[in-house]
Ligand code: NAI
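What follows is a single chain, given as structure tokens, in the form predicted on its own.
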Amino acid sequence: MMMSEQFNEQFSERPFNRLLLTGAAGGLGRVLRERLKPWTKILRLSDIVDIENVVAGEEAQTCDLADRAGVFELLKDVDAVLHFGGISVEDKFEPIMQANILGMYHLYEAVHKLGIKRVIYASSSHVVGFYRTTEQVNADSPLRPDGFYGLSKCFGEALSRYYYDRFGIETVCLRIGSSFPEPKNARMMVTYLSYDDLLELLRAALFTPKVGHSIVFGVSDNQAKWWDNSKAAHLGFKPSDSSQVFATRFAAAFNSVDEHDPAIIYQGGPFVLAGPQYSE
């Protein structure tokens, strides 16, 4: 039994009245939608597109994060925010700016003005994508984003830090690696985060009594490690899965590494090569 499942069993009633999950129509949003329900009486789901098949215990609200009034309406009567909304891949700067930068500002202004005390922010490991794969990074390492997407996540981390220092709004920034049912390539053998470990990470981020402003890498207990989570030990996040069970699938890829390929040299992988094509 997963720790999150054991944790759920202790509740005689659901601890939150209303949680907000942004990006609910996205890849991870769809995964989390059902898994978050034991924690809240009402799960409010939001995305820029319509949410389908809404059932009892759910609310759906379409919202463009660039729409300030819409974001304020979205956050009314919310106890805490799990912010997975925005653009999650490399793109031109303008759409990333609207969704991930302006939208992030609107979200924190609403959080502040409406008195919400905690945000779980889906940041990304791409904030440090230009570190080499031979280096190990922790939460205090200087940021080295690998594209416009990574830059926008750097902004989000800095903005959330400001709102904590200025207004006391607690945030846990999740520097998510690669969260899929299984690794898709050799790089993901290092960055893999299982869905069960993602849920455990959210549990730690949401239910730890005091988190201040925390940064934690979202990664399972994989054999190869680029990221050091010792700075987030207070969260008590302990992944139970590992990519090692998939190791035989990528043995050939590890034996044919091009040591001059930037996508191999740097932790950001293909993202380090994606940016320039969007800046023209």
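When you see a residue number, it is the position in the sequence shown, counting from 1. Not measured: the values here are computed from a predicted model.
Keep in mind that the form predicted together with the ligand is not shown, yet the notes after this line are about it.
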{"query": "Answer option from F180, Y164, F130, F72, heavy atom within 4.5 Å of the ligand in the predicted bound form", "finding": "F180"}
{"query": "Option touching the ligand, based on a heavy atom within 4.5 Å in the predicted bound form, out of A247, L28, A60, V211", "finding": "L28"}
{"query": "Interface segment, criterion being heavy atoms within 4.5 Å of the ligand in the predicted bound form, picked from 109 to 117, 134 to 142, 199 to 207, 170 to 178", "finding": "170 to 178"}
{"query": "Partner contact for D221 in the predicted bound form: the ligand, 4.5 angstroms, heavy atom", "finding": "no"}
{"query": "I48: touches the ligand in the predicted bound form, heavy atom cutoff 4.5 angstroms", "finding": "yes"}
{"query": "Touches the ligand in the predicted bound form: I87 (any heavy atom, 4.5 Å)", "finding": "yes"}
{"query": "A99: touches the ligand in the predicted bound form, heavy atom cutoff 4.5 angstroms", "finding": "yes"}
